[in-house]
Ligand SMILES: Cc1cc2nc3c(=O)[nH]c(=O)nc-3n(C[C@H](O)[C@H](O)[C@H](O)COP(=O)(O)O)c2cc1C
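Below you'll find only one chain, the form predicted on its own, shown as structure tokens.
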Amino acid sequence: MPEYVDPKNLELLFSPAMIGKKEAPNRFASQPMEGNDGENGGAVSERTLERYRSLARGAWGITVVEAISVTSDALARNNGLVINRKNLDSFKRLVDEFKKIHPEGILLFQISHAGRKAGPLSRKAGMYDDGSEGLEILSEKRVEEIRRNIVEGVNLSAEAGADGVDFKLCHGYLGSEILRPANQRNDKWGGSYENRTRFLFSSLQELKALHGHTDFIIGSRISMYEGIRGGCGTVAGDSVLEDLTEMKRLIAGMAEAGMDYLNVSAGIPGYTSEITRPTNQSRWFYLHHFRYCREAREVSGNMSLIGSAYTILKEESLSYGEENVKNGLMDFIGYGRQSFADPLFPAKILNGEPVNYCTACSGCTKLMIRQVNDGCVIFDSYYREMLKSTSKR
């Protein structure tokens, strides 16, 4: 296989495209990857800044800042980022540093609450009881408080200077759990489809009232199918069978509510991991992601679509991406682990330089599980040494 691809064959991938009311310079999207390197209660650290400076030098069309929690007691990573008034200046600095290098790049903040995916130093909290040990079932009042925290997190993101936000509804975090058919709680947050989508659509109504007259971008990453009983994309609360009818209804509702983009994903890391991020042995799961984008496109209206699972295809991802954009399947192609392996990826392709392609070794996943700084253990010596030094934990 060649080490690089001639950019002359990637005319569409290097063409600009609209996302909301703003123009991204190309079709490459760096998807949110948690580096677990925040400091002082979730503020942006120097290591965090350097990661995003590198992505800026890579000239990605869209860069999404990882799972930023709206509360300090619900972090998936012990050193995860937290957006609040106290940490706001550090997020302003992140935006400033990024834009100095790549002013035309679109920078989005992913706003989240970890829910039952919270790490060992946080409280695991969920919408319904499934027998999980140590799980706090959130009260109706507490869910509303979290919803208000998320609205405030979006407003702080705008104040920090971000181009927009990703309303996280994927990968087993609280936003996706609320949507599940398995969420049959007996209050306004569960049971019917209308109740299970209230959290999202009531928040969108508020946010559009505040930001709809501006060019601030509001979108979401969703798991079309989670692969668990009663999960998103299943036929019923007690079924594991895939049925995308309700998810397509959700996407149509997002479009009607004025959301600007949809980042199409699937699965739950740690539970149905290979659906989310295919490994070398399960690489064919990327075909499901292409199918999910096709299904989403049918009902997505004017929303831009970002596809996922391209990392596993290495250099082949570029020709597939060009083809998918040409055929209207999606507008942007998203990379997660590849942005760890080589944050300069798009710039290197454009300049005809060899690329460090992700080997899907799962080293970054091991670091994530160990709750230490996370990055590529193959191409970055810092993380390679981190993996070795924590091997006995």
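Keep in mind that this is a model prediction, so the values were computed, not measured. Heads up: residue numbers just count along the shown sequence, starting at 1.
The same protein has a further form, the form predicted together with the ligand, not shown here; the description that follows concerns it.
Taking 4.5 angstroms as the cut-off for heavy atoms, does residue 334 touch the ligand in the predicted complex?
Heavy-atom contact with the ligand at 4.5 Å: present for residue 334.
With the cut-off set at 4.5 Å between non-hydrogen atoms, does residue 329 touch the ligand in the predicted complex?
It does not: once the ligand is placed as it appears in the predicted complex, residue 329 has no heavy atom within 4.5 Å of it.
Is residue 220 close enough to the ligand in the predicted complex to count, meaning some heavy atom within 4.5 Å?
Residue 220: no, not in contact with the ligand in the predicted complex.
Taking any heavy atom pair closer than or equal to 4.5 Å as contact, tell me whether residue 345 reaches the ligand in the predicted complex.
The answer is no: residue 345 has no heavy atom within 4.5 Å of the ligand.
Quick one: from 325, 70, 349, 368, grab the residue that has a heavy atom within 4.5 Å of the ligand in the predicted complex.
Of the candidates 325, 70, 349, 368, 368 is the one lying within 4.5 Å of the ligand in the predicted complex.
Out of 224-232, 98-106, 302-310, 84-92, where are the residues with a heavy atom within 4.5 Å of the ligand in the predicted complex?
Going by heavy atoms within 4.5 Å, the stretch is 302-310.
Interface residues of 93-125 toward the ligand, as seen in the predicted complex [heavy atoms, 4.5 Å]
Result: 110 alone.
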